[in-house]
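A single chain, nothing else alongside it, follows as structure tokens in the form predicted alone.
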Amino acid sequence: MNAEPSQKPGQAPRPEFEVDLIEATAIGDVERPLTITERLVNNEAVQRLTILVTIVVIWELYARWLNNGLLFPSFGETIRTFSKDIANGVLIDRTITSLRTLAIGYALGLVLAAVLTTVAVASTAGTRVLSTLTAMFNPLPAIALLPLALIWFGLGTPSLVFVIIHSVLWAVALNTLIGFRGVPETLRMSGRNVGLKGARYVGLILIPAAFPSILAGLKIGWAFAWRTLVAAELVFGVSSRSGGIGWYIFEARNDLDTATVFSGLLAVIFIGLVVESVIFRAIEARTVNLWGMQR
């Protein structure tokens, strides 16, 4: 007798057996609505709020335990100082001054980054130039350029803008270049096959495909610019009668008003949270998340 195709010669056939079907109701719910508790636990806003509340509680408990307002004011005292300076307009004026300078430097940094990236994408030599410049200047702290800024531009807003541009330029240009170079070749060929060239090719193919990297560069550039601005204002932000939030902190430190120092730091943190959680989050929702490029 010939063995079956799936059976080797001399091998005993496998016994047949039957499996009883399991009642589907015993498996459990395939899909069920979440409870209110589960919705709250998995809600991102609730999670962030919980983290912030935890930090505030630890802050308040430590301040009460230390019991020294000169070294570490309580959260309540900081909030009272913050509210007072908001009400009298001092903190608002300083914040607007800083944000105006930041907007100028950030915008100019983005324009220069776009120019350098365009040159780098257009030719191999341009790529080498941008890579070399980035390797040279990206590790250089912007705050180290303050002495040159004072010599070249004097005291005031131009010097602040100069160091902000340095903070933004290299991070944005490097991330944009990496994003463009990481666009798949099949996607590039697809654009060429449908007749896309020049600006339409860049705008419809390269930029959307590289936008996650571009957005990362924008975030990094913003963080670097904001930190650099506050640090620079601590040194010479008031010299042209345009003191920003950094100088607000510096004046409070000279007066040994630690609560006001914490109030200024709280304003810096608050602005950072708003920019990250509102502006950049909205850009992500309308671009890379909508396009399905990241979760």
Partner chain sequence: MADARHRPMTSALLEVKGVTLQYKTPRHLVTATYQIDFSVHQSDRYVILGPSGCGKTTVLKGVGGFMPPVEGSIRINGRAIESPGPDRMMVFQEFEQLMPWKTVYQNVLFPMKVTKRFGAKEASERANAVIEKVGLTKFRDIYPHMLSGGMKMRVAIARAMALEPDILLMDEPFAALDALTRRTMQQELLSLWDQLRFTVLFVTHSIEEAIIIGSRILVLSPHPGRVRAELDAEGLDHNSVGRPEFGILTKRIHTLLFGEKHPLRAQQEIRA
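Residue numbers count along the first chain shown, from 1. None of these values were measured; they are calculated from a predicted model.
Not pictured, yet referred to below: the form predicted together with the partner chain.
A single residue from the set Leu196, Leu215, Ile143, Leu130 has any heavy atom within 4.5 angstroms of the partner chain in the predicted bound form; that residue is Leu196. Residue-level contacts in the predicted bound form: of Val90, Met189, Ile178, Val111, one residue has a heavy atom within 4.5 Å of the partner chain, and it is Met189. Contact with the partner chain, judged by heavy atoms within 4.5 Å in the predicted bound form, is confined among 79-87, 206-214, 167-175, 117-125 to 206-214. Though the partner is left out of this view, Arg100 does not reach within 4.5 Å of the partner chain in the predicted bound form, counting heavy atoms only. For Pro147, no non-hydrogen atom is located within 4.5 Å of the partner chain in the predicted bound form, even though that partner is not displayed. Proximity of Pro139 to the partner chain in the predicted bound form falls outside the 4.5 Å heavy atom cutoff. At a distance of at most 4.5 angstroms from the partner chain in the predicted bound form, none of the three residues Pro158, Arg227 and Phe250 contributes a non-hydrogen atom.
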